[in-house]
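This document opens with one chain alone, in structure tokens, the form predicted alone.
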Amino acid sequence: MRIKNAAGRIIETETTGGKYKPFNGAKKYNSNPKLTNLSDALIKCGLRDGLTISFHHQLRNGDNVINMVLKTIQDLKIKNIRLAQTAMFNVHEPVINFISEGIVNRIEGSINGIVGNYISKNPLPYPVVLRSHGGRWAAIKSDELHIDIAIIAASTSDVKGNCTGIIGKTAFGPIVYSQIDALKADRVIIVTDNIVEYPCSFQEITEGFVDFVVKVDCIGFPENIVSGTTKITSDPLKQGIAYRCIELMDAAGIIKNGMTFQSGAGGISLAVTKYLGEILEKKKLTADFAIGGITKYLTDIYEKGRINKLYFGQCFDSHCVSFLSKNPGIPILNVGHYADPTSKGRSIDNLDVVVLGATEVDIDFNVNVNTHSDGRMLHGIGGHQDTAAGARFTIVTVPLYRKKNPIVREKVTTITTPGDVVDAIVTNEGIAINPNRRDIIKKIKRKIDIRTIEELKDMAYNSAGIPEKLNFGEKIVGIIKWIDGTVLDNIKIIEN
């Protein structure tokens, strides 16, 4: 069919290639102004009862944004919001009031500390869903977890929404957790306390994904990025565990030129990073790269020339935020590239070794990081599952017992990471190697002493006593998902 279009040309609307719409006229596509206040931004994004709203956690215990947004939602008389934050901390204690008032009735994200403790005793109408970093990215990408409005804290933004967490008075590191939120959410709001001239010099999120920009007085306090889980241990017992890790890695032939590694942000793991730097220096060896959350201990090793490359994800202290702003050539590692199990390639699959912590381990090498031994839901998964499944050698560090509570036990209270992907348990009283890793056992034989995991369990029970049996009710308060989205375990309410 021939038709004259708006440009005056006679064109065919049907050809062997298919059917086509005629040109209907040109217009300017300049976007509307985006800068507004939080209340107006939420209203213009279609806020209503029952929506899903997401946040990132990179300001950790210094975050103002979650509480601020929920207070605005309360003022707008909106109810039954599903939170899809990457994590919450003790600073988010006001969330408990928003739960009790019916403003929040579902949570799919980590709930560290006070909020998790509350929900363990006062379940939400729906179980909390806990995912790893990579599992969350995949769930949002596949629309298993659909986000209606993404609220993204940025330390600096321009008026169009190009934004970063690397520079500004409240800089916290690159915005890597909310990039998938920006890509997939129906609406995106940037919340910042620092507006700069267009274009923003660092841009982890760009204007094409942003609906509104909100300027507030303060998004948070970066000095509180360093929490109790991101400080190196000063406990001699735990330092001894860290030394044992290094001895194990050395005996297994992992510490060599070109090694690749990641260590967690717990106190023992940070000590491992420090001691690894010392042995690399002593032996004049150079690691190829280190990835994940970055600390001053890693940047110190890098600046001494004992790591060729750093692959930055989140920053675990203010020193690293400053370091990254002064070294823009350091590549930024987004969570999808880091750990998305549905991607065509993940950086964690290139790891020789990862060192992780735990609240409990058992004789099947299963690891618990979500609950304490009393069943309270106090911690998120983070990258635990992701790195354990990706690294060629996964080491989990724990004391044999804490006070009168055995940490190495018959069965963990909750399975976060299955024993199939855990290769070694390192304690203050010895090292156990997963029997499936005969290659490691052969390498370290006659170099260091190892025990069976059952021996470590017996030692724990002899020192701390047999753990008290918990009385679980039928009510499910939380669901642990494995990285592929399948249900790994249920967290049930503990009855008195």
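Because the structure is predicted, anything quoted here is derived from the model rather than measured. One rule holds for the numbers: they count along the sequence shown, beginning at 1.
What comes next is about the form predicted together with another copy of the chain, which is not displayed.
Quiz prompt | Option touching another copy of the chain, based on a heavy atom within 4.5 Å in the predicted bound form, out of G253, G102, P331, G305 | solution = Answer to the contact question: P331.
Quiz item: in the predicted bound form, which of the listed residues (D374, E278, D349, D75) lies with a heavy atom within 4.5 Å of another copy of the chain?
Solution: Contact residue from the list: D349.
Quiz item: Are any of the heavy atoms in P94 no more than 4.5 Å from a heavy atom of another copy of the chain in the predicted bound form?
Solution: No, P94 is distant from the partner.
Practice problem: Evaluate P125 for contact with another copy of the chain in the predicted bound form, applying a 4.5 angstroms cut-off between non-hydrogen atoms, and reply yes or no. | Solution: Yes - in the predicted bound form, heavy atoms of P125 and another copy of the chain come within 4.5 Å of each other.
Quiz item: Heavy atoms within 4.5 Å of another copy of the chain in the predicted bound form: does K326 have any?
Solution: Although another copy of the chain is absent here, K326 would touch it in the predicted bound form, with heavy atoms inside 4.5 Å.
Quiz item: Is N162 one of the residues lying within 4.5 Å of another copy of the chain in the predicted bound form, judged by heavy atom distances?
Solution: Yes - in the predicted bound form, heavy atoms of N162 and another copy of the chain come within 4.5 Å of each other.
Practice problem: Within 4.5 Å of another copy of the chain in the predicted bound form, counting heavy atoms only, one of 185-193, 376-384, 313-321, 213-221 shows up; tell me which. | Solution: Heavy-atom contact with the partner occurs in 185-193.
Self-check item: Heavy atom within 4.5 Å of another copy of the chain in the predicted bound form - qualifying residues of 9-29
Solution: Contacting residues: R9, I10, I11, E12, T15, T16, G17, Y20, K21, P22, F23, N24, G25, A26, K27, K28, Y29.
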